[in-house]
Ligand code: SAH
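Quick setup: one chain, the form predicted alone, written in structure tokens, and binding and motion questions come after.
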Amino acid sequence: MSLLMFENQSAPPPGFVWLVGAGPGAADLITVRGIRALQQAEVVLHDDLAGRELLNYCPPKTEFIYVGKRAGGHSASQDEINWLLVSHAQAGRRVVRLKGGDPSVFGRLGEELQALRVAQISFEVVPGITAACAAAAAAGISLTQRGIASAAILATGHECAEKTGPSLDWEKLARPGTTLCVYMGTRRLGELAGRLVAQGHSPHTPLLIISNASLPTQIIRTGTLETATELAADAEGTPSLILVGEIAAQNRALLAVHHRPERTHVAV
């Protein structure tokens, strides 16, 4: 990829941390401000990035530390990540915490900010394109649309697991006129679909699973809450975003009149 270079940048003082959203996967969906941060980095703590060429923006001597999380295993605990951010910044280094999507959406941003505040370390949060927006763009639909969906709800599929903290109000999630965007929910989609139906959603409510949104390997799977388990089994093992609601039906209508990129495949 051709790298964008920016001159006359005002460098922050030593001991600084950027928390940067890398976007949904495609390297060219990172923000200009995110690139600027990478070009000044001395240490980068990064997750599972589909667009690893983003690391090419960094200076030659940058230290890269992989702290990714995948289903079933973490390379570093959140406490370890917090410690790495603080310790490198306290050593006077400029640190980038590079996260997929947007740091503030299911990205543990609050915990990392708290660690930096306690240690009195200067920081900047650089937003990124989150998976729900990328998935909607990939499917050729809008998360909200007059007459169909007046609200979009971002939720995590991990809520289906037993937990001691606050849980989602499934009755509210089943209200008409909303688009439900589920992160990290493929493994538990069957259970999630069952809860939504139990709270009033029709089993025929449209559903999309967008895997590897924005990448050449992108796949869009279409179905309903009734076929959710089958679709989820087919998508398991790939990073996916689930869209539930009447807005998802617009994907089928648009396919008939709009050219689709070659990298997008639709499995019905």
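Numbers for residues come from their place in the sequence shown, where the first is 1. Everything quoted here is computed from the prediction, not taken from an experiment.
Below: the form predicted together with the named molecule, not depicted.
Original post:
Between the options L84, L116, M184, A76, which residue brings a heavy atom to within 4.5 Å of the named molecule in the model of the complex?
Top reply: None of the others qualify; the residue that does is M184.
**OP:** Name the stretch, out of 210-218, 32-40, 229-237, 60-68, where some heavy atom lies within 4.5 Å of the named molecule in the model of the complex.
**Re:** Single hit among the candidates: 210-218.
**OP:** Give a yes or no for V105: in the model of the complex, does one of its heavy atoms lie within 4.5 Å of a heavy atom belonging to the named molecule?
**Re:** Looking in the model of the complex, residue contacts with the named molecule include V105, since a heavy atom lies within 4.5 Å.
Original post:
Is there any non-hydrogen atom of T179 lying within 4.5 Å of the named molecule in the model of the complex?
Top reply: T179: no, not in contact with the named molecule in the model of the complex.
Original post:
Though only this chain appears here, would L49 touch the named molecule in the model of the complex if you measure heavy atom gaps against 4.5 Å?
Top reply: Yes.
Subject >> Partner contact for V126 in the model of the complex: the named molecule, 4.5 angstroms, heavy atom >> reply: Because no heavy atom of V126 falls inside 4.5 Å of the named molecule in the model of the complex, the answer is no.
Original post:
Relative to the named molecule in the model of the complex, which residues of 186-201 have a heavy atom no more than 4.5 Å away?
Top reply: If the 4.5 Å heavy-atom criterion is applied to the named molecule in the model of the complex, 186-201 yields nothing.
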